[in-house]
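As structure tokens, one chain now follows by itself in the form predicted alone.
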């Protein structure tokens, strides 16, 4: 073991945007928050556009100078009619090339056709177009109905629905774009719509946030298949890489991560199971807000487990190692794709502030830590870490010493012998238990017979005839008298005379 330990510690300032704006940053945005990253990205793109324009102008000047020099040389030579025609054709080709280079850097103004709707009720029904049929799933229809019901009380509800519906239809034609460009389109739409709503509902930011939540739910439910893990990215390969990485780290114990959680306590164990369930459930949600809700519930279960274990409030230094432990135990499906989906298409204000943004930033840090996990972080030497990662050893195996511990084969052989000795001891104990059980059964039978004999002897010694002979004689006399009651030899003189009937004259 190493004496120095780097451990798992993350200063809270590292979670914030490195530009110092006070919002939460993200690794996907190179440490910036959503707002600062968009500004930096726009600045870089503007710089690139200017460089491209300068390059296009320089190429055009060079083409024009070369063309002018060739014309001068052609004019100094004798004119030949066929050659002049050839030169004219070549001139046209050169001019077309110059225009082509210039047009290459001019953004296209061509937009796909849109379909405006007459009313909310008519637009709630699926469009006969191919793009609408692609989104005619049950979830999309249900989200559309809920969105319409939410917007009906609003004066501008019809316009909001038209804009959202037109934007989702437009995004279908952009599915071959890069993921960052798709994200930029969605974030621009969020920003523009939010600015208009802020102007309309002055002083009611909560109302604007509730509308933006419904807009996100409607749009992302319809665009989920188009923008989640798009083919233009390597998200799927990174998902497999992270999943394999977590499987290779299955040997990491709760002690190595210094997790302050005691799973022997039933309430703590239940909280850990619920946290694992919530982080796995994240993949089944379609809306970024719902995925964030799963992360938030998972984090709250973690805080509860720490609080019950320590009998005090949990700190940030306790939370991150426990979150890493939960992710290692859960191995959530498509973890990278879900994080990227939230980063690209979630309402940016939710990731910049609040508990959702805090917990999501910690999850990103936990995944980054798992990807870079080494022996020093777990207080292990490089040799031990490599052995555990290769599967040749495990911290759950008993430690061996001597020459046999130096080779994996010797260690395995010793383990087999120890298991055989343990099984032999268990067999001997089982035989002793069976022998004692048989002896107990025999003792019970003997005791039962002895009790029956004693009871029988007591009954015989205390019989009714031997205990009271006078009572026996009296009972005999009574029985004789009772048998003579109905006989004909009863003393008639002792009986009263019979009643005689009397006749009364009327």
Partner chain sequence: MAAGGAGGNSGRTYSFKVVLLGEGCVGKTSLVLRYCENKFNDKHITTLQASFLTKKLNITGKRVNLAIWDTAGQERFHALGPIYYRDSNGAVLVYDITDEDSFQKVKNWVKELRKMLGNEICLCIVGNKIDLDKDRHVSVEEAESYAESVGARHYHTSAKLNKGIEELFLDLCKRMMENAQAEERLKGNGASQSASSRRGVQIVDDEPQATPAGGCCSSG
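As the structure is a prediction and not an experimental result, all values here were calculated from the model. Numbering follows the first chain given and starts at 1.
Missing here is the form predicted together with the partner chain; even so, the following discussion is about that form.
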item: Contact residue in the model of the complex, from 229, 387, 258, 249 (heavy atom within 4.5 Å of the partner chain); value: 258
item: Contact assignment for the partner chain in the model of the complex, among 416, 313, 433, 178, heavy atom within 4.5 Å; value: 313
item: Contact check for 269, 283 and 327 against the partner chain in the model of the complex, heavy atom at 4.5 Å; value: no
item: Any non-hydrogen atom of residue 352 within 4.5 angstroms of the partner chain in the model of the complex; value: yes
item: Contact flag, residue 199 vs the partner chain in the model of the complex, heavy atom cut 4.5 Å; value: yes
item: Proximity of residue 420 to the partner chain in the model of the complex, heavy atoms at 4.5 Å; value: no
item: Residue contact check: residue 167 to the partner chain in the model of the complex, 4.5 Å heavy atom; value: yes
item: Segment that reaches the partner chain in the model of the complex - one of 284 to 292, 317 to 325, 422 to 430, 149 to 157, heavy atoms within 4.5 Å; value: 317 to 325
item: Residues within 4.5 Å of the partner chain in the model of the complex, restricted to 272 to 309 and counted by heavy atom; value: 300, 303, 304, 307
